[in-house]
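First, one chain by itself: the form predicted on its own, in structure tokens.
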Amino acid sequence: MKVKFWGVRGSIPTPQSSVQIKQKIKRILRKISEKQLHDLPAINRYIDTLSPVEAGTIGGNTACIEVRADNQLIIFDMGSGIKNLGNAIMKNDQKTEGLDIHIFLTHTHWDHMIGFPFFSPAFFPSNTLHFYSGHPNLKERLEVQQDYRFFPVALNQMGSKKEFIQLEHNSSINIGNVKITNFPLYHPGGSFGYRVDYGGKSFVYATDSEYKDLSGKNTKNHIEFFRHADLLVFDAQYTFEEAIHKEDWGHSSALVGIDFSVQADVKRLALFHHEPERDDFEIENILKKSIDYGNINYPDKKLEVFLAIEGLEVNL
């Protein structure tokens, strides 16, 4: 099973500003000077060793994750990142006989739907898009987003065939040999997490969720849903302090994600849905503090914690 991140930001697309880019250039030039690198090959080799935070970007697109398993193409959420995913599908996968594309939505807030009108495979009549959600009236919600008052192309003008499946809460379905289970999460308007099980590996996507009561009784079901996941993608938009002050805003923190992961024996934790007001270095600082928190509180655990970064692929 392959998991690829196409959009990792929360709430609204967040391109880097000129100020942020200049900050990165200045840092790189300062380090090149400190290392006394003078010839171009040495400089290029050094730059190639730098992280996306230092010499690239965590990414400015909103939520979209691609999963490939059992020759199935499965997408979670349709944030602005789905545009680039669609372009990649057109380049690498599109065939005259068409594609079956399975799209699971956590919920229908703008940042998780905004990219769909620009999803190129949706315009091909040979393709079939299967939409899944625990929310009712999903077709109507997409039609409203593309009403002529808000967007020039209506949903029915996108040539692909479309199927809408409303999922029963806490139920599982199979796509080929891939099992996908949904789980209701606490978020304004409601949201759903998804667990993908295939070939003895498991991936859990749990974004846009708030955990107001962390007592054992109230977290038991969440722990079981995350249990033994090889990869958990978790809403870490806020710091722990911000989460306390922003009660009922529907988001969580990296520290809660670490606590859950340890209790559920998760192998890898990806921090996701990054706060749009933070630049890459601030997000990286949250990662460092989170790793320190895990090392101090759970020194015997081998949980890997990392940032969800646009373009990152994880093979399970």
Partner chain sequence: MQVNIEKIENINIYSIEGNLDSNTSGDLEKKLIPVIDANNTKFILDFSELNYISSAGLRVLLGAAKKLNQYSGKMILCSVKDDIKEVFEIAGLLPIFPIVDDPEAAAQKILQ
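Positions refer to the first chain, counted from 1. Please read all numbers here as calculations on a predicted model, not as lab measurements.
A second form of this protein, the form predicted together with its partner chain, is not displayed here; the remarks below concern that form.
- This chain lacks the partner; the member of Asp93, Glu224, Glu163, Glu241 within 4.5 angstroms of its partner chain in the predicted bound form by a non-hydrogen atom is Glu241.
- The contact residue chosen from Leu255, Ala270, Ile283, Ala69 relative to its partner chain in the predicted bound form is Leu255, the criterion being a non-hydrogen atom within 4.5 angstroms.
- In plain terms, the part of the chain that comes close to its partner chain in the predicted bound form, with a heavy atom within 4.5 Å, is 285-293 out of 45-53, 270-278, 28-36, 285-293.
- Under a 4.5 angstroms non-hydrogen atom cutoff, its partner chain in the predicted bound form has Tyr298 among its neighbouring residues.
- Mapping the unseen interface onto this chain, Thr57 falls outside it, with no heavy atom inside 4.5 Å of its partner chain in the predicted bound form.
- In the predicted bound form, none of the heavy atoms of His169 sits within 4.5 Å of a heavy atom of its partner chain.
- Using a 4.5 angstroms limit between non-hydrogen atoms, Asp265 is distant from its partner chain in the predicted bound form.
- Of the residues in 211-232, those that come within 4.5 Å of its partner chain in the predicted bound form through at least one heavy atom are, in sequence order, Lys212, Leu214, Ser215, Gly216.
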